[in-house]
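Okay, so we've got the same protein chain twice, two forms, each given alone as structure tokens, structure 1 and structure 2.
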Structure 1
Amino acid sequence: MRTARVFRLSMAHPGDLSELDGLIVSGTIKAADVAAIIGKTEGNGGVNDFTRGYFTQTLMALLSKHLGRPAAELVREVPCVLSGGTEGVMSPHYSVFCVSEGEAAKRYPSALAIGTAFSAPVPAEDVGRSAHVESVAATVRAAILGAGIERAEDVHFVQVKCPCVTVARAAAAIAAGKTPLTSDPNKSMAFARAAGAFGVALGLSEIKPDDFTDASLLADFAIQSPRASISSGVEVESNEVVVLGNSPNWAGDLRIAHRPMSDALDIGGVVDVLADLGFAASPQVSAADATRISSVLVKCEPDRRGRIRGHRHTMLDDTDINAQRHIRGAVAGLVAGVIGDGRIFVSGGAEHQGPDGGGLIAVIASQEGAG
């Protein structure tokens, strides 16, 4: 029986993995058990945010050192999902998801289960289209299978890192007689995130194959999954998937829950997901209870219609601060206030990931001492 553990660690800068190194050296974590990393680095979260690459390089070198295997291999086996931007009260940190075999006796009917999977490379002409959606869906199903989660409703959070088109990849595809959706990396990234969200919805059977066409992506915002968290980047060529859910087949004391957030002011969604895990936030989780929480994962989006509950916001027209930085800071302020802790993962670019103009929240917490 497998056991999932999650370590939420702090960093002094994006190249500082000394806390993880210490835990490996002390034997608390076996390097081979590290299944995935999800973290927030203190960059700007945009195309020119190199804190993600810096962290990833440092992580892979660290694992390589401890495992005696090439970093170039590890980067294709261990998903390292980073969101840049610790606006406002957010604190730079990373959650290390570990899976160990046969260590712990089973104490709860169901416990956190982790599955990871990598797809084949996505051809440039498929990115952001139905073929991309299907590739993600198949990879999600593979990760669920690997995690031993038997029911789709037990999946609570699916993180996907999708490839996008670069100018070079697009040019190569065109030269080969193919027709990529776009040659613009920024547009491609948005379509790739949409394909990822559709793929999660499809993989979880929230939608069916004939519920959408290519034209639905970034257009039909009624199609969304409140369990999909998607990032896209030029640094990957295949879809990388981390599935988090609960399963009777896993030992361990952790449990995950999720809720959609209807808009950036939806404190109700935050309180509800905490209640699902036995926390009272009235108005804040107590410091004692908060130690049970090992990960908080949030997606959000500046409402593209320019208003929140009828009142104009200024995020989309700000030439000085990127709209995603605005919304991350605001939603993190809200979620951190309810939880009493700034070590939360709040990521933007939430197209089709939760309700339009809103997003989603997932929390992982220990069942030990839960109310």
Structure 2
Amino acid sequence: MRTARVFRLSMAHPGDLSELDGLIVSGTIKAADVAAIIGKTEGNGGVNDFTRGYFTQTLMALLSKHLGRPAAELVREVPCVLSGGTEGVMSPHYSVFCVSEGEAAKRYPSALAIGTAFSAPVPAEDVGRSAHVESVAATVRAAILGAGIERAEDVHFVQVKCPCVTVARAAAAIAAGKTPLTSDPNKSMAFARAAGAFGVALGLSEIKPDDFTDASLLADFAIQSPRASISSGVEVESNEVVVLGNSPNWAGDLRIAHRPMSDALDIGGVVDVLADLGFAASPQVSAADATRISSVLVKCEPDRRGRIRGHRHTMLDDTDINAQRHIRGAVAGLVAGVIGDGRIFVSGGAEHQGPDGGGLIAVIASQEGAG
């Protein structure tokens, strides 16, 4: 029987994996058990955020050293999903998801299950279109199957890293007689996130294939997946998927829960997901309870209607600071205030990932000691 473990580790800079290296050297983690990484780096979160690629390169070199295998192979086997931008109180960190075989000391009716999968490379002309949606959906299904999660309702969080179209990729496609949806990398990232969200919804049977067309992406916001977390970047060419859920087929003391966040002020959603895991936030999680939390994963989005609970916000009109940096900092402050820890994954760009102006929060915590 498989057991999932999660280690939340800090970094001094985007290439600092010394904490992971130390855990491998000490025998706490086996390098072969590292199944996926989800983390926050201190870059700008945009097209030219090279902190994500820097971290990934360093990670693969580290795993290659310990496993004696080429990094070029490992990068196709271990998803490394990074979100740039640690505005405000967010602390640069990464969660290491490990999977090992064997019985746990104590069994629970259901425990955290992890599934990962990679798609084939996504051609530039497919990014942000139905073919991209279908590619993500197939990869999500493969990850769920690999995790042994038998019911779609037991999936709580699906992290996808999608490729975007750079100027160079767009030019190469055009030279080959293909037509990309856009040659603007920033617009491409948004369309890629939308395709990822549609793909998760399709993979989880939240929508059907005939519920959308290419024109629905970034247009029909009634289509959404409340369990999708999508990032996009230049550092990947295929869709990388990490599925997190609960399953009676897994051992271990970890469990995951999720809740939608209706808007950027939805502190109730944060409190509710903690209650689902046996935490009382009044108003903050106690220091003792905080030690049970292994990972906090959040998606958020500036409300494109320009208002929060009836009052105007200026995030979309700010020429000096990108709206995604505004929302990451704001929501991170709200969530960290309840959790009592700045090591939270807060990613912007939540198109079709929950309600407009909202998103979702997922928390992984130990069941041991839960009230």
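Under this definition, the rigid core comprises the largest set of C-alpha atoms superposing within 1.5 Å between the forms. Here, a residue number simply tells you its place in the sequence of structure 1, counted from 1. Quick caveat: nothing in here was measured; it's all calculated off a predicted structure.
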**Index of the chain form predicted on its own, chosen from the pair** = 2
**Request:** Could you tell me whether the Cα atom of residue 256 shifts by at least 2 Å between structure 1 and structure 2 after core superposition?
**Result:** no
**Asked** For residue 88, is the C-alpha shift between structure 1 and structure 2 2 Å or more after core superposition?
**Response** no
**Message:** Using a rigid core superposition, assess whether residue 285 undergoes a CA shift of 2 Å or more between structure 1 and structure 2.
**Reply:** no
